[in-house]
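Only one chain is included here, represented as structure tokens and corresponding to the form predicted on its own.
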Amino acid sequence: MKKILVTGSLGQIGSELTLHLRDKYGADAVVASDLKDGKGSPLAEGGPFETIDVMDAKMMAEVVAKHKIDTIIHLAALLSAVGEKNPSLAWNINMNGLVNALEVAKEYNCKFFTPSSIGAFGPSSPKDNTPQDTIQRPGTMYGVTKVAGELLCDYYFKRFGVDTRGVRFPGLISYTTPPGGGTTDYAVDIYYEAIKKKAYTSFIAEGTYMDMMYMPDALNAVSTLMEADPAKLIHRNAFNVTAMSFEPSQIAAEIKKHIPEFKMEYDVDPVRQAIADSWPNSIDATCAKEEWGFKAQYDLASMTTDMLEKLREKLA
């Protein structure tokens, strides 16, 4: 990867992945882009930045040609809970934006990464230790676009030879970027509220297990996969990756080790709870480990220690 374009770079993943890639490959090697203009953003000040509407393939192609891009990391998308409020918009952005990005990658011979999600699974998928290859019948528009996106990336690799790669991210937890409307965002909110109020009201019910990952592990997963030997990639797109699986009371108990007076209550959001109930309790990441050496460094305890430490500094 000599010159990388990141779409959706002002989002939850993009804002941190762009900085991670710039640290790794150099500031000038990574072009940040978003529908917003980026004014005042560290991404716009710390390296090249372009305003791109992913619904405009010509605009994207012009940026790729201008900067001699050889790798596209396509992150622009609507998340699960937001997508359920406006399904047609979610389909339009998540699918038509992806087609545009893949077409540009095909035209300019770019390596290509786009993330899928545990939202690509559904109620009929195995709930525990969900395999890499299994039935996928999601019940949300977000999930539908992720399954379709996985198949589309496979198609562009097999039909046109585009070097497509991707992972199925679990819930991502970060101290850098505020929650962005995802179902797993309670696991980010809870740390903020623990420090601010020493209390939290969870919109996800007790006993609801979901896979999670700390953002540093997610960032390393992307760069590791993109650097992997393509000859060893059997699956290429939508690798299961995970670091931990927990339910709300477990994360609360871990926080209480650091903030003994912390209290948690529940006020369940039926929309997000229904989404969570349709997802796996835990997934099997064996293929990612065997094909490109995926390995998570953080578990719930070490993540909680680091999250609280970093958020105390940030919120001070």
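All values reported here derive from a predicted model rather than from experimental measurement. Throughout, we count residues from 1 along the sequence that is shown.
Another form, the form predicted in complex with a small molecule, is not on view; read the next lines as being about it.
Exactly one of the stretches 170-178, 214-222, 89-97, 228-236 approaches the small molecule in the predicted bound form with heavy atoms within 4.5 Å, and it is 170-178. Contact check for 191, 248 and 262: none of the three has a heavy atom within 4.5 Å of the small molecule in the predicted bound form. Of the residues 145, 183, 240, 164, just one reaches the small molecule in the predicted bound form with a heavy atom at 4.5 Å or closer; this is 183. Listed residues 76, 73, 118, 101 were compared with the small molecule in the predicted bound form; 118 is the one with a heavy atom within 4.5 Å.
Using a 4.5 Å cutoff between non-hydrogen atoms, residue 114 does not count as a contact of the small molecule in the predicted bound form.
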